[in-house]
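What follows is a single chain, given as structure tokens, in the form predicted on its own.
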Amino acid sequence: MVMDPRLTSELTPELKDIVSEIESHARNLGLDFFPTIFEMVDYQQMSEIAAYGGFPTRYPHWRFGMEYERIAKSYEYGLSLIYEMVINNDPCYAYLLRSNSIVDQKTVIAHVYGHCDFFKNNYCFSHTNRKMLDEMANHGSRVRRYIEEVGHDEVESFIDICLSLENLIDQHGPHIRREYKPKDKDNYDESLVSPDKLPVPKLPSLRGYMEGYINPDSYVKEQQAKVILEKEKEKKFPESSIRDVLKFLLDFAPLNSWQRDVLSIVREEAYYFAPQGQTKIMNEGWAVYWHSKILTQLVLKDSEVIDYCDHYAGVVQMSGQRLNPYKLGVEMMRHIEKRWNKGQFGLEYTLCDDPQVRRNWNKNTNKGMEKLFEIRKYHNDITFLDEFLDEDFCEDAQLFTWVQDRRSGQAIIHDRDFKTIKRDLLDSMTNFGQPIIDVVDGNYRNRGELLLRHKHQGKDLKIDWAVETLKNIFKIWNRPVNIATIIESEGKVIHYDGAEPRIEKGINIESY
């Protein structure tokens, strides 16, 4: 897949004027974003860019080609359409679809400025590489060089392994400041620093003057060395559990230099994309909120309003079985703006349990916009929903949980209880709905085996998925790997050593 250089990506004069106008409105309304460069592409180029996650210069891999075919075919068969794509970079890059109508282009341009403001100001993106376009090109060059030196199949197979583990990172790791703390004096083991103070087993000596002959210095030092070695083996490795499994493998797995570099590339890109997963609902809701406000209040001509509303309805349409982040995000934003404009916050409002009084509560505080900018800066999807998804919103939005009916196979309403809805939403978003895995021992059973621990949160691991993951970690660790978990309320360890996996029962997972 190579973009055709004959196709111009330059905007038409009309679109340049529209971009200038909407950018001016966005800044006047308080949005703050990096310089944004718009490029015009056709659907094949858009499909290619989307397949690469927005970075056409990314390293080569078969999955990008597969993804391109899926996206392009979906567009050709009229099943889906990518209106826009914007990259978190400084400057930001945004791609407009050449076949879009002018109304759609206006919508997309305003939507893009909402995203660019979110990228620049939300704390989740504060540690991302703002020159990622250059970095991705650098990654691509390094991987292509390894392919030339090592061979295409070998490099691609190793990338397959790395990509299967890319979710085993610490999503919050970039924000954690780890400071060195000296060991507690009471736990300080002076004997490890001064071997002469280390008590060692000596041969019995009945007479004091015979001590030097029965336990000579050479013998004592030999015994001290053995005891020190045993103490070192007893030391936990790592000293505390590590959530970033990829970092542990980078530091301690027996990889050669090109493998270590490829794994570091996959890890770095996983951390770059992680904030987008952490803020999907907020980011899309924020962009929809602003494109709707800018277009309906400042930009659209009267003749364009109906077309805009028709397309807007498609963006926020709820499907039967899937949560629409655009819809949930923008409705939450508007709900919060309304509450803070009416003063529906604080202890007095929280303690009010009269539904009629709460609905008519209006102190005209007009703090809605101020609150939205504060939320945009400090929250991710989990904290956003945890703090602001309330019973009034659930009732107004008619939210419910659903299950698949075993007999008919159809989705049916399961529960309309507010607490159940909120719990299920938060559960589905914790760690992107994926299991939380830690490294707890790199020398398990004192045999160099790797022990992982699944943080059980009420849901068992899928055994077949867990085994496939262990197989790929085994290919990197090159020693047996294990994961301690709870299966059907019993602590167990899944073990894989290159042969058939086995499950050891009767494990006290709390001991790990």
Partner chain sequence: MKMETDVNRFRKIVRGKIKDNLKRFISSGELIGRQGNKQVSIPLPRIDLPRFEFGGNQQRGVGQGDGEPGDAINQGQPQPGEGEAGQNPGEHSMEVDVSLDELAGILGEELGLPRIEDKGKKNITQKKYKYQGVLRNGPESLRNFKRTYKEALKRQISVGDYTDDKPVIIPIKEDKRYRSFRIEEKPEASAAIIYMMDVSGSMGDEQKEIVRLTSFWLNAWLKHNYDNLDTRFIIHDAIAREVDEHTFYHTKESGGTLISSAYKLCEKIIMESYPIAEWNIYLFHFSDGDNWSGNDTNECMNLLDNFLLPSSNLFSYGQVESRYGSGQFLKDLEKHYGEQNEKVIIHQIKDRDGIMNALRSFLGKGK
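As the structure is a computational prediction, the values presented were derived from the model and not from experiment. Positions refer to the first chain, counted from 1.
Just so you know, the form predicted together with the partner chain exists too; it's not on screen, but the next bit is about it.
This chain lacks the partner; the member of 169, 382, 299, 397 within 4.5 angstroms of the partner chain in the predicted complex by a non-hydrogen atom is 397. Of the listed positions (163, 220, 255, 97), a single one reaches within 4.5 angstroms of the partner chain by any non-hydrogen atom in the predicted complex, namely 163. Listed stretches are 414-422, 339-347, 299-307, 124-132; the contact stretch with the partner chain in the predicted complex is 414-422, by a heavy atom cutoff of 4.5 Å. Taken together, the three residues 269, 474 and 498 lack any non-hydrogen atom within 4.5 angstroms of the partner chain in the predicted complex. Using a 4.5 angstroms limit between non-hydrogen atoms, residue 32 is distant from the partner chain in the predicted complex. Of the heavy atoms in residue 284, some are within 4.5 Å of the partner chain in the predicted complex. Using a 4.5 angstroms threshold between heavy atoms, residue 318 counts as touching the partner chain in the predicted complex.
Although the partner is absent here, residue 144 sits close enough that one of its heavy atoms falls within 4.5 Å of the partner chain in the predicted complex. Annotation for 28-62: interface residues with the partner chain in the predicted complex are 48, 51, 52, 56, 57, 58, 59, 60, 61, 62 [heavy atom within 4.5 Å].
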